[in-house]
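Only one chain is given next, in structure tokens, and it is the form predicted on its own.
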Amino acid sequence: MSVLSSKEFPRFYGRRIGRKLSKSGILALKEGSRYILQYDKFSEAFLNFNKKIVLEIGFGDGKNLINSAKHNPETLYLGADPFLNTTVKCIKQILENNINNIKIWPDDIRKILDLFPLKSISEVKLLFPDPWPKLKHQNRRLIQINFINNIYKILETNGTVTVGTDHKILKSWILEKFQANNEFEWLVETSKDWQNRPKDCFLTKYEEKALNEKRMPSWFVFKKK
């Protein structure tokens, strides 16, 4: 499964694959290949959809992506995650539930951001991105000024970015980086607005683990002006 081109891409940090794929996992990749986006065929495979499009970056166990698609069949969900094992788990769930409104990009989202037409995405969700907590690793965090600027370009006017995190350092980082862009408005009036999970997000395995370990998530919603 090749998703690369000769273009120079941002350096990716972190694992791409964990334990060896099982026979059922390999079979799921084969059977679910129609759900996987290819770089060289990105336009024809994805951008011809005339639907509301929600981009979820780092879908992890796939619970939020799967549940969102099941509850909103008229919306197209694009899930991006560079970890092959989670892609396999997600595709298995897609096949089991016969879901037809999901597409998967099994790689670094930054590789395809410039392929999206301007204002083509209604919502972007980043649920519990890797915090890279050490100071020397802060440049590895996905949320950077350039990344936010690129997200801004593909979002519709009044489109939103939802970010969830349970990490104290990343909470401050998220606010700092988004508020550096005057074209985004932080949608918050009371503490409940950032302490409670948005209604259109579902409980994931990672969030459940954080809650069990007494790490309280924060939820930030930013609207494009």
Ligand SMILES: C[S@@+](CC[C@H](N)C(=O)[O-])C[C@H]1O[C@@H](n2cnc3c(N)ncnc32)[C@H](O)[C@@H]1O
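Note that residue numbering follows the sequence shown and begins at 1. Predicted, not measured: the structure shown is a model, and the values here were computed from it.
There is also a form predicted together with the named molecule; it is not shown, and the following applies to it.
Proximity to the named molecule in the predicted bound form, taken as a non-hydrogen atom within 4.5 angstroms, holds for one residue of Val161, Ile57, Leu170, Val54, which is Ile57.
When contacts are judged by a 4.5 Å heavy atom cut-off, Ile99 does not count as touching the named molecule in the predicted bound form. Interface membership of Leu127, defined by any non-hydrogen atom within 4.5 Å of the named molecule in the predicted bound form, is confirmed.
In the predicted bound form, the named molecule sits within 4.5 Å of a heavy atom of Phe83. Using a 4.5 angstroms limit between non-hydrogen atoms, Arg215 is distant from the named molecule in the predicted bound form.
Every residue of the trio Asp107, Leu142 and Tyr206 has some heavy atom no more than 4.5 Å from the named molecule in the predicted bound form. Look at 89-97, 148-156, 73-81, 112-120: in the predicted bound form, residues with non-hydrogen atoms within 4.5 angstroms of the named molecule sit in 73-81.
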